[in-house]
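First, one chain by itself in structure tokens, the form predicted alone.
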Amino acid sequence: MRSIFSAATQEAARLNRLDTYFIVAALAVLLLVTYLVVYTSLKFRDKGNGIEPKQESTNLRLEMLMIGGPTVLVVGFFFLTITTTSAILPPAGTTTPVVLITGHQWWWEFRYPGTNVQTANEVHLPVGQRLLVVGTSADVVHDWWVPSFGLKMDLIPGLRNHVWVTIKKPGIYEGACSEFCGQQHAWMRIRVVAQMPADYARWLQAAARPAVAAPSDSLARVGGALFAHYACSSCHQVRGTLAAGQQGPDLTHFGSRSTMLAGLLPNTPQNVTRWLTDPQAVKPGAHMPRFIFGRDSIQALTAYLTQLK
């Protein structure tokens, strides 16, 4: 398991270095103060001989040291903090973001500007490139936080915030919403799939393709007809079909995702069936209503959704 304290981005590495400087300086101050307390306590303790220790009313060198030392530390760390934050979080300027994140109660929407790619809950990013990631919210305040990336980003309705990330290695990076956003806040997980640039380009090309409009499997074809006929298509989009809803997650390549419901469950046919049978029992407060489908219809819908790759 990857430690949340390991720096997965160059930005997190710079923040970690700054943290290390703070910790070393704080430890040095702690040791110095402890030494002085112990030293003065022993040197000037009552020795029981009735002789009063030597008294000093002023010591200019000591006073200069006590004022100058903290001043140098404060000024030094102020300078380090300003230079570090300026380097890792410069203005976005006119740079096109690699991905636009929108927080919803309770799922993540990812749009890739310049393409027609739109996905949910699992975001793919290339490694070795400095990426601009922009975020906003559709409802309440969320906070997009992948600990090993170093920076947090508040997602606020009507505003656009941004972070820069330069991911060092391919892998899966986990995170979570760190701003209480409602009943299912604890299950608003983040999953970043970091890929080599060539793999990312292939994924982006595949994600831009529409879903298979006419599944070869007969059960999935029935599910597709149900999906289009009932309210599913009013809330969800499946590119390549008539389903063009924008209220819920884009399901175009739903079957290729490893998790569902913002990381709440592994994406398996059993869990899809469980979700379709009673959404509120799985994720209370979710905006997905409970539809009274028969068992056969739910199996058909499950077959349709899981083949969307």
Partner chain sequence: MAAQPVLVPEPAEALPDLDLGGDQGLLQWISSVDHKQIGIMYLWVALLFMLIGGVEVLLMRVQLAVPKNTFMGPEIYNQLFTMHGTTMIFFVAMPAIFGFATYLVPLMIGANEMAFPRLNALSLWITFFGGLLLYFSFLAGGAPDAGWFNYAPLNQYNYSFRPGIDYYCAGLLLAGIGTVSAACNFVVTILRYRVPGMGLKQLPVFVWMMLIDSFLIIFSFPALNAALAMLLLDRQLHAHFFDVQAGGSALLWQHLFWLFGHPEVYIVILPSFGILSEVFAVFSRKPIFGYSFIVGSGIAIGLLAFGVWIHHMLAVGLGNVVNGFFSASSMLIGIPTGIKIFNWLATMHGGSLRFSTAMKFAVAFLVEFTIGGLSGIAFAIVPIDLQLTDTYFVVAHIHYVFIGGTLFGLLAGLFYWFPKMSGRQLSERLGSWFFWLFVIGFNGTFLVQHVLGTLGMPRRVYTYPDLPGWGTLNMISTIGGFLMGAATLLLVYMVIKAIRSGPAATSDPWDAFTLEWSTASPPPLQNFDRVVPVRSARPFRDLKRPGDADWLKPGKKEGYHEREQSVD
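This one's a predicted model, so the numbers in the text were calculated from it and none came from an experiment. Just so we're on the same page, rigid core means the largest C-alpha set that superposes within 1.5 Å between forms. Numbering follows the first chain given and starts at 1.
Below, we refer to the form predicted together with its partner chain, which is not included among the displayed structures.
Although the partner is absent here, residue 217 lies well away from its partner chain in the predicted complex, with no heavy atom inside 4.5 Å. The closest heavy atom approach of residue 71 to its partner chain in the predicted complex falls within 4.5 Å.
Though the partner is left out of this view, residue 296 does not reach within 4.5 Å of its partner chain in the predicted complex, counting heavy atoms only. Shown alone here, residue 247 lies farther than 4.5 Å from its partner chain in the predicted complex, counting heavy atoms only. When you look in the predicted complex, the only residue of 172, 82, 231, 201 with a non-hydrogen atom within 4.5 Å of its partner chain is 82. Residue heavy atoms within 4.5 Å of its partner chain in the predicted complex occur in exactly one stretch of 82-90, 234-242, 126-134, 201-209, and that stretch is 82-90. For the stretch 115-143, the set of residues having any non-hydrogen atom within 4.5 angstroms of its partner chain in the predicted complex comprises 138, 139, 140, 141, 143, in sequence order. In the core-superposed comparison between the shown form and the other one, residue 29 has its Cα shifted by at least 2 Å. Superposed on the core, the two forms differ at residue 40: its CA moves 2 Å or more between the shown form and the other one.
The two forms, fitted on the rigid core, differ between the shown form and the other one by 2 Å or more at the CA of residue 59.
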